[in-house]
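As structure tokens, one chain now follows by itself in the form predicted on its own.
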Amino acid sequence: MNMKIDILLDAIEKKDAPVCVGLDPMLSYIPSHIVRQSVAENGEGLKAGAYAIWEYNKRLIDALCDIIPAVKPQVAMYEQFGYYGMEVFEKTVRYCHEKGLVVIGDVKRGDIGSTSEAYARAHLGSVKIGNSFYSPFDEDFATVNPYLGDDGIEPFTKVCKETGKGIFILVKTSNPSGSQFQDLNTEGKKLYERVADMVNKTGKDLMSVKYPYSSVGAVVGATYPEVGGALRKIMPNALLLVPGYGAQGASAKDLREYFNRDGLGAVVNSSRGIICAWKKEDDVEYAADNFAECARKAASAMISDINSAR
């Protein structure tokens, strides 16, 4: 079985790029000519919105696939368009795979029992219908909310053992109000440290066959670098998925402690900073027509910046 953690780390090393791009498009991010064209073809409605995102995603993926190892589509951006949005989410995942990209489904699922199992099957596993198995969305990794404890995590790790896929458990998020609960003291430890301990323990059964890393990773925001360094020590074998770079204010110098001495151990995400790069150009009209090239330029700059911190 090919483990997705090996495939991801191989791609990071081959492309020398410990980054992923968040495919989190809102309609306001998309050049107006793409939206107008979709409305003309599909009529005004949810279908037009979803298909505008599909066109936008395809061009971004084509421009980025040879320089980045992974993408992270945020499912909420697709769910807002109902059925058509979920169709585009599935198409986006499959197109990314066709282009050789690892897909981290940013779904933040967290429930118990059969519900958690259904989430795991939907995003990382398969469903048996008749004599055959079908994979609904088929991401390589998924983000998981640990608030319900082991009951919410175990259905995902069970599927990961069957498929070779992986998860990223929310440990310390990049948003300001995350500290309301994550920083609470629990018998001498912060709550996020308790979750990190769980990640470390759970990951021991899902170790890579090639690298000293587990298929159970952790989401650790770039906006708290001192915490990131401490969590790196608690979870030495966890790959850290690091949001908060760029648009949320974190820079490469904040990320040095997130990496291990092998130069691996973290994959840094940027969403708006890449997919909305065209909006930062002086000639916005020209940039709107060349948004994919602007995204590639921004991604290349990000890769160079992050590599300076490794």
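Everything numeric here is computed off the predicted structure, so don't read it as measured data. Each residue number is its position in the shown sequence, starting from 1.
What follows is about the form predicted together with another copy of the chain, which we do not show.
Colleague: Among 232-240, 131-139, 160-168, 203-211, mark the stretch whose residues have heavy atoms within 4.5 Å of another copy of the chain in the model of the complex.
Modeller: It is the stretch 131-139.
Colleague: Can all three of 33, 263 and 307 be found with a heavy atom no more than 4.5 Å from another copy of the chain in the model of the complex?
Modeller: No: no residue has a heavy atom within 4.5 Å of the partner.
Colleague: Give a yes/no on whether residue 100 approaches another copy of the chain to within 4.5 Å in the model of the complex, heavy atoms considered.
Modeller: Answer no; every heavy atom of residue 100 is more than 4.5 Å from another copy of the chain in the model of the complex.
Colleague: Spell out, yes or no, whether the shortest heavy atom distance between residue 227 and another copy of the chain in the model of the complex is within 4.5 Å.
Modeller: Contact with another copy of the chain, no.
Colleague: Find out whether any non-hydrogen atom of residue 44 is located within 4.5 angstroms of another copy of the chain in the model of the complex, and reply yes or no.
Modeller: Within the cut-off, so yes.
Colleague: May I ask you to state whether residue 119 is within 4.5 Å of another copy of the chain in the model of the complex, using heavy atom distances?
Modeller: Yes, residue 119 lies within 4.5 Å of another copy of the chain in the model of the complex.
Colleague: What residues, if any, in 62-96 have a non-hydrogen atom within 4.5 angstroms of another copy of the chain in the model of the complex?
Modeller: Heavy-atom contacts within 4.5 Å come from 74, 75, 76, 77, 79, 80, 81, 82, 83, 86, 87, 90.
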